[in-house]
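Encoded as structure tokens, the following chain is the form predicted alone, with no partner shown.
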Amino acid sequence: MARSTLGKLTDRGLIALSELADYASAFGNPSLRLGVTGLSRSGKTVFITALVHNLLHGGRLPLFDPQAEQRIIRAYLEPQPDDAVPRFAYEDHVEALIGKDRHWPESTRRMSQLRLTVEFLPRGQLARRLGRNRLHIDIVDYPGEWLLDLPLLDLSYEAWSAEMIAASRRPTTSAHAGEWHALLTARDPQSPADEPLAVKSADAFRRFLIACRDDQVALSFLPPGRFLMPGDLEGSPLLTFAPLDVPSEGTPPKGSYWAMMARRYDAYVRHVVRPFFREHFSRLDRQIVLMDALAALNAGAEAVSDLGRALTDVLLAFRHGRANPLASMFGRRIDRIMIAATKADYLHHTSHDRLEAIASRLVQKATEHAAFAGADVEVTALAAIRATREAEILEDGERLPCIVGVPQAGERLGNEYFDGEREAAIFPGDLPDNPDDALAGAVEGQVRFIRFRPPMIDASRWDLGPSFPHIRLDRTLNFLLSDFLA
């Protein structure tokens, strides 16, 4: 307990110093740190690419006030402020999306950063006289798996072990845990430390986590995230620990197997999780939370519930609240949060309000907590890049609202397989009016969402605009950025 408290006090001191330095450097050139938050495969990379591409190329953003009012003078990329962080591979991602073999960018495997600068015409005369007409927008991308580590900041090794073991004994996950559970009972935790067994247990535990992720049977108990996506920690001793069946409030005997595992867990939190939070998440101004609720609905009620639990635990780790200039000198707070249910283009627009209701219900506890602290919260159904268009088909005398696009190769609907070349009109099913029905599993077997290839960008289609088509990207940008561009 004392060790945890000391770590938090040290973090707060370092964060305050960092905030003071940021405030001083940004006095003449304001900057906004946008946190793009989402679990693996939620669409973070696509969102960042679409945001930047639309601002660089003057995309169709009628609900983004600075653009609609023609106050955006120009937008351009600059070197990112942190030389220790690789640059976000924006150009590579655009090439993947519009190249001959167009496809979605690969999942993020390491941290990267991008600085977008927007020059604009302020609304007020005072701001114009002061010359405050330029905004730096700093965006960080990172593997979604790492986000799951944030709840570890407040968990002891013993409490984490108890949670992980309980979760691994669920009916949907226990089938993957056999190898690790066998090692769990191979030695008394209070016996002397055993390095070879620790390595074997960590490897078996990692395979269990990967199997749960790949089968989408769990999200909330997948940390440590570096076990799934190690990045530069591949092979590091920091990753050689695993849960043990020990009392959640217990204390390990000195020199024991339990003490060794607890020490390594503490080292992981101290050397990996705390710096990750301190350097990249504690200084955010605005936050968008991306969630792939449709994939969870495909996987069933437990996956939906698990998605909500995972995002709630993550969101509660952030600092939300009303921002003010004095407080910003020593500690920024996130004062606006957009909850975005991604891949809205996999549904007809008549179901978008129901998708928003489900997303809102999934993170209700966390958003209520943020709103109570003073933050503004909105929820939207979003497609940062729209891959489909809408149509109607007539089936048994009934008109069904459909989406039309090119399903990805290997996707299947009933007995029909898609080759990635042929366009198809698909009725994915209806979402329930009551979001609690979706959380309770009422849509299992009633809806089916398949993945589509990115859209073909046709320069001759004037109505598509000079950037990627989207659904509500403009509304999202307006909520997150417009007051900084006023």
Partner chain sequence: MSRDDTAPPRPVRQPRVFTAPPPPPPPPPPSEQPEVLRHLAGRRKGIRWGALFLSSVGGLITMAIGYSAYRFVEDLFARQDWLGWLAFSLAVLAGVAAISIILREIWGLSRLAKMGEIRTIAERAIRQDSASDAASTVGSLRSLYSGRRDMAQALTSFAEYDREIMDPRDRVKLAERMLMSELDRDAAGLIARSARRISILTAVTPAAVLDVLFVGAQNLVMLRGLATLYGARPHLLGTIKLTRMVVTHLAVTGSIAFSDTVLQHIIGRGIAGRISARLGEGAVNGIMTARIGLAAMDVVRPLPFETLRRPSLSSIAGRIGDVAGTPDEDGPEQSQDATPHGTQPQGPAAGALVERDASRIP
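Nothing here was measured: the structure is a model prediction, and the numbers come from that model. Positions refer to the first chain, counted from 1.
As for the form predicted in complex with its partner chain, it is not shown, yet the points below apply to it.
Asker: So in the predicted bound form, does any heavy atom of residue 349 sit within 4.5 Å of its partner chain?
Answerer: Close contact exists here: in the predicted bound form, residue 349 approaches its partner chain to within 4.5 Å, heavy atoms only.
Asker: Might residue 392 be said to contact its partner chain in the predicted bound form, defining contact as any heavy atom within 4.5 Å?
Answerer: Within the cut-off, so yes.
Asker: Indicate whether its partner chain has at least one heavy atom within 4.5 Å of a heavy atom of residue 400 in the predicted bound form.
Answerer: Contact check for residue 400: yes, within 4.5 Å of its partner chain in the predicted bound form.
Asker: Could you tell me if residue 368 has a non-hydrogen atom within 4.5 Å of its partner chain in the predicted bound form?
Answerer: Outside the cut-off, so no.
Asker: For the three residues 69, 422 and 433, verify that every one has a non-hydrogen atom within 4.5 Å of its partner chain in the predicted bound form; reply yes or no.
Answerer: Yes, all three are in contact.
Asker: Just to confirm, with a 4.5 Å cut-off on non-hydrogen atoms, which of 442, 63, 457, 56 contacts its partner chain in the predicted bound form?
Answerer: Result of the distance check: 63.
Asker: Have a look at 354, 319, 280, 361 for me and say which one sits with a heavy atom within 4.5 Å of its partner chain in the predicted bound form.
Answerer: Result of the distance check: 354.
Asker: Its partner chain isn't shown here, but in the predicted bound form, which of 110-118, 87-95, 409-417, 137-145 has heavy atoms within 4.5 Å of it?
Answerer: Heavy-atom contact with the partner occurs in 409-417.
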